[in-house]
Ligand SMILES: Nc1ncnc2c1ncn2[C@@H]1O[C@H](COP(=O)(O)OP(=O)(O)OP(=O)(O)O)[C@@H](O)[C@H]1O
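Quick heads-up: it's one chain on its own, the form predicted on its own, in structure tokens.
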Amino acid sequence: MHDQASVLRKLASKENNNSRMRVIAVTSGKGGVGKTSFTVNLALALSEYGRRIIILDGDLGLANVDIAFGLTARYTIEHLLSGEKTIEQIMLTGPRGIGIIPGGSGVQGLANLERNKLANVIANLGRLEKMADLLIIDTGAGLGHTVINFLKSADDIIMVTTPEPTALTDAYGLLKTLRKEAGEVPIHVVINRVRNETDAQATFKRLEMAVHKFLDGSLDFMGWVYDDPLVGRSVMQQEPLGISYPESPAYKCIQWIASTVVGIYHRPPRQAGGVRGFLSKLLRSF
């Protein structure tokens, strides 16, 4: 992997890369908290602010971003790694021009690529810089090795949780790992499926107090999303909430959160490394 990282740095140094593209990883401590639905609708809301968005489906076990958009992936990132297809050929186009890179188990193949294939993948992924302002990675839930590698390689992490005790326990476990593995990456918390603002604030306070007391750290409260029956209906229809029910309470919350993300993009806490910076850190992690 050291050879791969050095090849990447040499390739990246050949280009004057002034891109401000940011890589944002969306994650959760456990499955079933609405992470993928949030990711898909966040992308739609960000596109309303004029941002060009690409989603990388990084959930190795339950890759389903394409399904959430009502699309079917013919090719995945595995075809890119093998050299059979280009990034343009595997990428799906969703509503409002959102790009979707089907990932699945092929993402793990980055760790074992031969040098000539790695150079090809880097060249392909490097073209994302001109295609998007934001790359959003929908990671798997939990503490898997690949998930942690994605998270510590990103510019920002958005962690989605719910008020349920089990979800908060697992969220704390993820934060504990991130404190050790990705201490420099800003972590923003979104509380999903809340009845009202009071519940959201109380849930965040419980999580924040545990992090402050036991991890000697702090969290950023990015916002909340109301518990909304229209979310489940849109999932069954295989059409994102922002398309099927754009006036729904939950989507209004996500639009508000998107305005904060746009603020992160305009005034990032750290210099964005772009896709090459993300790949360089990711390859060192394997």
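In this text, residue numbers run from 1 along the sequence as written. Fair warning: this is a prediction, and the values are worked out from it, not measured in the lab.
There is also a form predicted together with this ligand; it is not shown, and the following applies to it.
Between this ligand and the residues K152, R193, H79, H188, the one pair within 4.5 Å by heavy atoms in the predicted bound form involves R193.
Contact with this ligand in the predicted bound form, defined as a heavy atom within 4.5 Å, holds for exactly one of N64, S248, S47, Q255, namely N64. Among residues of the shown chain, V235 is one whose heavy atoms approach this ligand to within 4.5 Å in the predicted bound form. Interface membership of F69, defined by any non-hydrogen atom within 4.5 Å of this ligand in the predicted bound form, is ruled out. Within this chain, V33 lines the site of this ligand in the predicted bound form, having a heavy atom no more than 4.5 Å away.
The closest non-hydrogen atom of V225 lies within 4.5 Å of this ligand in the predicted bound form. Applying a 4.5 Å heavy atom cutoff to this ligand in the predicted bound form picks out A141 as the lone residue from 137-157.
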